[in-house]
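Only one chain comes next, encoded as structure tokens, the form predicted on its own.
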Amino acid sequence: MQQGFELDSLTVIPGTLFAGLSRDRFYDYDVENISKISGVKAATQVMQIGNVTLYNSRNNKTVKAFVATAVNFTDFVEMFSDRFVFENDVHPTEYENDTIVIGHKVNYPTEDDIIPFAVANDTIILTLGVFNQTHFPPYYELNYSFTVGGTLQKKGTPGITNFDYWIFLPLETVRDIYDTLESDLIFVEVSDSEESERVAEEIEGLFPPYKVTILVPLTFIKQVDRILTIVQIFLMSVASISLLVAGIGIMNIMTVSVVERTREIGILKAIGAKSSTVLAMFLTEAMLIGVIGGLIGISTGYGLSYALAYMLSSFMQPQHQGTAFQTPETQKMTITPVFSPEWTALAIIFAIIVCIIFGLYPARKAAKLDPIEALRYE
């Protein structure tokens, strides 16, 4: 299982991924129905709160949490045990109604922070924003006291959810605060990742058409593999055509060179040069063309790769949005080209081999020239 991109974990979203606050919600019976599907190992629901403010009176510090999520700790921690790794191995022996777990990026807001915002057993004042149309003003803030059960180690993620930016609260407590039985997401763990697509189809069947979106990591990986395969075939086709054109060009250039140097070849043979010597001479020239062309090609490839990576990275700026799927770390993307010395050497060797193959015909033609006829050539 890869951290942050667990192949055996499905994410069920009401409506579409980017529907925002206008989408529908889930209820307890939705989780129960999903749990009954064959192949489902566990299902748990979460409730998103959005940005909240945390205050620690012990050190008089205030931080903001990018994503505040209410979870059933028992189910959630068991489902994502690989990512629930606590600092200093200090973790809650049990989760109470006032327990809070803090992600690494919340506890250390900047890279320069060496002193954590909070440690286990600290008392935190949590400021929540509440919207109630019957209240005036409709939006107001409430303060609640929570005890830090533990702080998570930095894990990062290659997937869509990054727990480093999350804080975790007890689901039932948050439901009481907001007076609701709704939840925003359902995480589903399947017994076998190969069955995830089938399970996703059965989950969709529990809801009206187009009412849920299910994120299936295995399907995503298969789609990416198909796209990369198509791109690879296309690039190989282009490279093959380019290689053929380049080879023909090398052959033509060397053939012209043989014609222009006919008298030179005749003189070499007249003074005792063997056909093998002439053949080796022209093949050596072909090798030099391969070495020079390979070095120029590699240098150009290096330069274009870094230029393209810089251009793509400049377009991928972080977007600060308060959702579980968009965090500064998941949105910001820096592309760095990686070059293998082995592949670089192989590229030069391949260029030399191509030049030798396409230079063999003109080299043999030069080696077979009759010295008397060559000396007569004007």
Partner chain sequence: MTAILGVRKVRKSYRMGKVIIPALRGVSFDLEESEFLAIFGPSGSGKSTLLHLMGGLDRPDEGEILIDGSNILELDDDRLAELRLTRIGFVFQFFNLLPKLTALRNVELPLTIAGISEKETLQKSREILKLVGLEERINHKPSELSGGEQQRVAIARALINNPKIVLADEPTGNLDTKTGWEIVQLMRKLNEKKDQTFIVVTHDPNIAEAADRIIHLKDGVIEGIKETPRRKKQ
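Rigid core (definition): largest C-alpha set, two forms, superposition within 1.5 Å. All figures in this text were calculated on a predicted structure; none of them were measured in a lab. Positions refer to the first chain, counted from 1.
What comes next is about the form predicted together with its partner chain, which is not displayed.
Of the heavy atoms in I271, some are within 4.5 Å of its partner chain in the predicted complex. Its partner chain in the predicted complex is not approached by R198, whose heavy atoms all lie more than 4.5 angstroms from it. Within this chain, I267 lines the site of its partner chain in the predicted complex, having a heavy atom no more than 4.5 Å away. Interface residue remark: N252 is not counted as part of the site for its partner chain in the predicted complex, having no heavy atom within 4.5 Å. Only one of 179-187, 142-150, 256-264, 235-243 lies within 4.5 Å of its partner chain in the predicted complex by heavy atoms, and it is 256-264.
For the options S305, S191, S275, T173, the one in contact with its partner chain in the predicted complex, meaning a heavy atom within 4.5 Å, is S275. Contacts with its partner chain in the predicted complex, taken as any heavy atom within 4.5 Å, map within 337-372 to P371, I372. Relative to the superposed rigid core, S275 undergoes a CA displacement of at least 2 Å between the shown form and the other one.
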